[in-house]
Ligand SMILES: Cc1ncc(COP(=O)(O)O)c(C=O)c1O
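Before any questions on how it binds or moves, here is one chain, the form predicted alone, in structure tokens.
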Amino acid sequence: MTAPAPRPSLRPASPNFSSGPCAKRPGWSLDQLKDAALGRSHRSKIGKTKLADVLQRSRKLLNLPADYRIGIVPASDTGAVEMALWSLLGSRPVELLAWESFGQDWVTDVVKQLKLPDAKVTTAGYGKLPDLAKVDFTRDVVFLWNGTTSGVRVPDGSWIPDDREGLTICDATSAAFAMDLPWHKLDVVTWSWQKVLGGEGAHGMLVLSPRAVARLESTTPAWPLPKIFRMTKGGKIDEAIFKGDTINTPSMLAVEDAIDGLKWAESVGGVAGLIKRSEANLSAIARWVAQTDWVDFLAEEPKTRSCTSICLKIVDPWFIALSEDAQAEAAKKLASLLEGEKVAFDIAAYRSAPAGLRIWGGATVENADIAALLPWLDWAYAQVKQQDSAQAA
């Protein structure tokens, strides 16, 4: 039986470890939004200026190639990915990589909604990656850089050839600003404001390489495109989208918050500083896992462990012996106990993932809060196990 753990005395200053929307940046307050262009049109001079500021700061922080476009699009990362799928696919075969729930969502879109006949689906279970060496780059390739619900990321971009024939379409929603993205390997990249910089939801970001733009201008999809997916006019890319003239109305309050997050990112050393903060959070959890017998990373290979959506599985023989439903119930009790103590909110594993915990370690989470959380995990697990054992007796 797991030894009783003492009740910790130190609590995280912020108990917000949700994987989306994520913790606000340290020091954030509503006062940071006092200059928001509320009540003003997003097409007014001040509205366009603020939207352009988001694009320019994002471009500079991420060190985007000069010939890559960057735009703000509707419906968060989901909208950005689906805009790319509906607008770019269909002219050549496609391969979809899926090793967690959101990758499976894109499979559903392409196979069941777009019904592309030449779609190849390559999958791996939670905790694993597909064999990246076997990916067929004569096809368009759709994949996630980081699996938010599995805590598994691709280790680097070496598996993507520079002379690829197809486009690479990368969902990077929990990777952008926390992982080193090799832009020359990626033709389409998407993310949302609500992840690494702790922004608000509903707005997505879309980056297009020159190859992606050429595809847009040379291919007409065989299906109707909703207004919010349309990126061309008269057969040419609509450049206004990539200068802050958004397709639909954005929240100017959320825009102001995005600017605040980008300014904070600049103040902590840019993307390099953000990566350092995220990796330090992963390292703290890795040290704890190494000395804790009831838990392990869901990601099987250390080099594939996410530094943002850090997913943990319970490996205690007591837990493994439970039925699948009982495991889910025990993990739910664990997360609920932590929430009741106000030390960790929203850290239950994703609903379709194996029962366990998911701790956001992105840059807005302070390393001291991660350190303060870990003893509470031991305490809460011991409580749940003890209660279950007592009931069973």
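Throughout, we count residues from 1 along the sequence that is shown. Note that this is a predicted model, so its numbers are computed, not measured.
Not on display, but discussed next: the form predicted in complex with this ligand.
Proximity to this ligand in the predicted complex, taken as heavy atoms within 4.5 Å, picks out 166 to 174 from the listed stretches 257 to 265, 166 to 174, 208 to 216, 127 to 135. When this ligand is considered in the predicted complex, residue 76 lines it closely, a heavy atom lying within 4.5 Å. Not displayed here, this ligand is approached by residue 106 to within 4.5 Å at the level of heavy atoms in the predicted complex.
Using a 4.5 angstroms limit between non-hydrogen atoms, residue 102 touches this ligand in the predicted complex. Although the partner is absent here, residue 144 lies within 4.5 Å of this ligand in the predicted complex, judged by heavy atoms.
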